[in-house]
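A single chain, nothing else alongside it, follows as structure tokens in the form predicted alone.
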């Protein structure tokens, strides 16, 4: 009898604790996800009550229209910028993990951009990249590199590089902190034993540090790939996708399709495609990681 009462109380407690998070999960994740999938098969304009069923026409439009998928080439700038950012972040993490005077101040200065508002950063760099009075062009003039002066956000060959650099600058500190945390989890005994055996700093890094932080590097690269696919704020605020769509990303294109052209059906299909691509990338990386673990 007591066992039965205990089981009922246990079920009531479990149900009570799970009720709120499960309800929030359904309301803010599952329901919007199901509606997104449903709208992707309609021609809804976002205003009318009628949602005409068009089957897979929106998906056909995505894969047939080269203008939609070609914007992924702009995301590549952020991906390669993310790789460079990880390399620099790891370098700073290794340097600032050593006993260095003022290292906390250097860490704070590098991490500071990450906690700044993205819109504020966008406006700040608008003045840096200004073609007439920008500090970057003024610096190039001062050092005699006038031939490099250009409209950094108005030139289709430089706009994505300029935006990717801002993203790299903003998230450098975040990755550095992650790497410092990983480095501090490595026991000092390993380095002391390597030092006694005559290992130099390069050998200690490649045979002790790198294998110890490899999983963190893989996690950071996963965030880099997904972040590069989902870039939105910087091109939206600074260039509106310009000039002539040269800085459009897949997300800005999706938002433009929904709110500028009132084609919510096609925009929903683009959202589903992006979701599938992100899941595929994560799955491939997870498979790769698991294969490494088995090896």
Partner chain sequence: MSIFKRSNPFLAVHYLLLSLAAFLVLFPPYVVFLNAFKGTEEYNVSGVFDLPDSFFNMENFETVMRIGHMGRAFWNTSLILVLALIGNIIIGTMAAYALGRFEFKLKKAILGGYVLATLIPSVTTQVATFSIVKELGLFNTHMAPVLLYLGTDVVQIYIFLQFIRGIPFDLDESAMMEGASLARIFRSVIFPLLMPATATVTIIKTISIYNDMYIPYLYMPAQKLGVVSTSLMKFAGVNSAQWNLISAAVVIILIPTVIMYLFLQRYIFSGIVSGSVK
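Residue numbers count along the first chain shown, from 1. Values in this document were obtained by computation on a predicted structure and should not be read as measured data. Rigid core here is just the name for the largest C-alpha set that superposes within 1.5 Å across the two forms.
Although not depicted, the form predicted together with the partner chain is the subject of the following passage.
The stretch in contact with the partner chain in the predicted complex, judged by heavy atoms within 4.5 Å, is 132-140, chosen from 132-140, 154-162, 79-87, 206-214. Proximity of residue 118 to the partner chain in the predicted complex falls within the 4.5 Å heavy atom cutoff.
Shown alone here, residue 200 lies within 4.5 Å of the partner chain in the predicted complex, counting heavy atoms only. With a 4.5 Å cutoff on heavy atoms, residue 44 counts as touching the partner chain in the predicted complex. Contact between residue 232 and the partner chain in the predicted complex is found at the 4.5 Å heavy atom cutoff.
Applying a 4.5 Å heavy atom cutoff to the partner chain in the predicted complex picks out 91, 92, 95, 96, 98, 100 from 80-100, in order along the sequence. Core-superposed comparison between the shown form and the other one: the C-alpha position of residue 11 differs by no less than 2 Å. Relative to the superposed core, residue 276 shifts its CA atom by less than 2 Å between the shown form and the other one.
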